Ligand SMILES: Cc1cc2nc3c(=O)[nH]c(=O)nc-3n(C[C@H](O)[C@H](O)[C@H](O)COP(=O)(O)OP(=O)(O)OC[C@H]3O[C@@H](n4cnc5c(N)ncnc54)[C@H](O)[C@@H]3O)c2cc1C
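Single chain ahead, by itself, as structure tokens, in the form predicted alone.
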Amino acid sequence: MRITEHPILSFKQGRRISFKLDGKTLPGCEGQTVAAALHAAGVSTYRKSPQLQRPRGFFCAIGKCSSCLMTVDGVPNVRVCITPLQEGMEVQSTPGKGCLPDEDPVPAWPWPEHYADRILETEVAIVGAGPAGLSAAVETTGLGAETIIIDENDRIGGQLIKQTHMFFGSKKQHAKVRGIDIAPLLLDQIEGSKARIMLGATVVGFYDDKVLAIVRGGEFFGLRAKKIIMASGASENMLAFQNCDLPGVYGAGAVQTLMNVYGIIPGNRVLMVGAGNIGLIVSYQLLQAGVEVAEVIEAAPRIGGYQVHAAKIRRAGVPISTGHTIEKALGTEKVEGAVVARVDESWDLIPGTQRELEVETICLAVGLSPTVELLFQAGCQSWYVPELGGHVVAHDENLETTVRGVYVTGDASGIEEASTAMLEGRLAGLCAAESLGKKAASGKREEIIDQIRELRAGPFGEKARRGKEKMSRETWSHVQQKR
């Protein structure tokens, strides 16, 4: 299941360690997550559904769904896809409905009555250490603002750590640089500044007076910031079809994580569902890892991604079938095949067009949804804007929300390319720092805004541009009505 040869990446395994799954000893490596170690060991089922006892594996691999919840060292409902593996860990699958242990196996976290004694203070708090969050920190720290970056993963970079393709755009937007090399470049601009990066920390609440509630390593504490920048990214969309819950149905980001971060193949033969940029790029990355891509299917009548990506897939002999969707996954305990079919102009299946494919992995690249729950808790005004991926919070040109001092950036403000996310991060960071009285170079804000407009000017930026305009109209209309 491991990748032995790769044209771009070299995988250095950490120290060999062991852990237990339901009492059975399994091998693993330092630096892996529990989920990655389980997958490398050939374990695809992590738990059973509460009512029907159907097998469940993981889906997103970034801690934003509930597919991989297991009991780890006696603690229930642990997201093993973002939990670092440790020597001697005791991992247990959940057979169905959970139950409380007879005795509490871990020390209890401090209860809210102790909350006031455990509040940190900072000028700027940035939630998310992906491309948008890191770019925001470059600007805030560059202007001398004390900054704390919080991320629930054990490494910085977000989606950048698994993007092996080269970026488009201009030199300012890291053109011809691979995503895996961009995060270190951003970190270099932050190091030595007034910044603190807090990894393995999950923000679980957003309260009055700009206080974030954070859980980290069994500790519960608060963080009060004068300005908060939400760069919380997005989550993978699911597609409803028969047996879509079987282990072996993964989001595209999960497939990238397994391959490009941990050097583990998701399966020997894959069906890719979705021919947007993500679906095409991940298909090519699968081929680079030595995985056979049986077919790429797309329900729309045309390919949604760049033709240059589609051409590489076709040259490798992979068919791309538009006007097709997946009807069902085959198998009982895990994916053993898939049935695809043509769809008509109304997106309904055309009877008699079904085809069966022999695959062991189904990869879904069917879009993303902004992660904005904390902003909802903060009381930010929101709208449903399909062009931006779903529910988004209202924000002005400076990316400030309807709650003063709270900014949103990157995919959390609307789904776009990583290049735009980094520019938005810079803009949010610059504006947040300036609102604290920090002085930026004259014209810098306008320069960033011009670059964002330039990226949205082309045909692939039209959707996001329409969405931002729609969001702005809805917000202005709401303000007028309140007046």
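The first residue of the shown sequence is 1; numbering continues from there. Only a predicted model underlies this, so the values are computations on that prediction, with no experimental measurement involved.
The same protein also exists as the form predicted together with this ligand; that form is not shown, yet it is the one meant from here on.
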property	result
In the predicted complex, Phe206 touching this ligand (heavy atom, 4.5 Å)	no
Exercise: Gln288 in contact with this ligand in the predicted complex, heavy atom 4.5 Å	no
Non-hydrogen atom contact Gly128 with this ligand in the predicted complex at 4.5 angstroms	yes
Contact flag, Ala421 vs this ligand in the predicted complex, heavy atom cut 4.5 Å	yes
Answer option from Ile148, Ile281, Val318, Ala183, heavy atom within 4.5 Å of this ligand in the predicted complex	Ile281
Listed range touching this ligand, judged in the predicted complex by heavy atoms within 4.5 Å, from 409-417, 289-297, 386-394, 350-358	409-417
Contacts with this ligand in the predicted complex - residues in 147-177 whose heavy atoms fall within 4.5 Å	Ile150, Asp151, Glu152, Asn153, Gly157, Gly158, Gln159, Gln163, His165, Phe167
